[in-house]
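Consider the single chain below, provided in structure tokens and representing the form predicted alone.
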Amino acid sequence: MGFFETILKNRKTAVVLGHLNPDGDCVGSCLAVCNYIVDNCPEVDVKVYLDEPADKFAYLRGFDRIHTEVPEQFSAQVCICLDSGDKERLGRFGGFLESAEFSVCVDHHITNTGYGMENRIQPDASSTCEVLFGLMEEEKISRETAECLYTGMVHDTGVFQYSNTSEKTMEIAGKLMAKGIPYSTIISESFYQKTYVQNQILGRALLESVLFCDGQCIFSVIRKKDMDFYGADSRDMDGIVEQLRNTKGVECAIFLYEKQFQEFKVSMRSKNRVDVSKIASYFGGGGHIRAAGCTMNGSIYDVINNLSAHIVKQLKEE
């Protein structure tokens, strides 16, 4: 009997949660688990609760069933938390974790606090979707579930180019492709394709980017007033920090967007030498060695100065 079949045995209700501002791995992992349970544990009433996910993931089965509003009552026997490093990242839906009789946390963030009653955390995995593949019985993974898992792996590996991509990652991707998924379409339409607004925001961020630390670092910021002008929200910020990291000679990239006055969502990416997870953790966030984030308050000058001090310290310690 597989992992999910075991934890759901003799239970009737389950809820699946992900992190705030859900990305491809978060949406993919949540819908993968939901579809797997629907296919293999039909006696279980399973629901997914997430912040409003991006429309580009609408091709995934179950997308139209995602609940985005807080329920009147938090009630589920099993709470399955995915791709969330700590319970605070569950946001408005964290009440399910507190009220459930049993909880599971499945994740790949090195900074995960292990807040579930049972935790399956693999920091060396490319994505939460990669971890999930190992918890599912392969022959029971439907084409629709495979699409979800592949989507999460594509997004967290940057189409298998980031350093978190391993031989195992590629083996799993191949097994998912063998299920008959439209892998080329998934990559082109959910990862590379951007809306007109997203292209405008990306262009603005690149145009106003600033090199510092002798060209080893780069940062850019989008203010709330700019987001309002373009009609953009947090879902339109995807991919900007990765594009900044692609700048020749840059080791570490920082991208900020303003959530409200002097409150910034910070995304950091590095190539080889800076452990951005340590920096993010220091400021109350988390993530991976080469990809992490946090929320910081203050002026842009204050935020960049505080972050750069930690980056420079690591570069000097080499």
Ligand code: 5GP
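Note that the structure is a prediction, hence the values are computed from the model and not measured. Note that residue numbering follows the sequence shown and begins at 1.
What follows is about the form predicted in complex with the named molecule, which we do not show.
Peer 1: Among 65-73, 51-59, 32-40, 264-272, which stretch has residues with heavy atoms no more than 4.5 Å from the named molecule in the predicted complex?
Peer 2: Going through the listed ranges, the match is 264-272.
Peer 1: Do residue 86 and the named molecule share at least one heavy atom pair within 4.5 Å in the predicted complex?
Peer 2: Yes.
Peer 1: Is residue 253 close to the named molecule in the predicted complex, meaning a heavy atom pair under 4.5 Å apart or at it?
Peer 2: The answer is no: residue 253 has no heavy atom within 4.5 Å of the named molecule.
Peer 1: Can residue 291 be called a contact residue for the named molecule in the predicted complex at 4.5 Å between heavy atoms?
Peer 2: Residue-level check for residue 291: yes, a contact with the named molecule.
Peer 1: Quick one: is residue 245 in contact with the named molecule in the predicted complex, heavy atoms, 4.5 Å cut-off?
Peer 2: No - in the predicted complex, heavy atoms of residue 245 and the named molecule never come within 4.5 Å of each other.
Peer 1: For the heavy atom contacts within 4.5 Å of the named molecule in the predicted complex, list the residues of 98-132 involved, in sequence order.
Peer 2: If the 4.5 Å heavy-atom criterion is applied to the named molecule in the predicted complex, 98-132 yields only 109.
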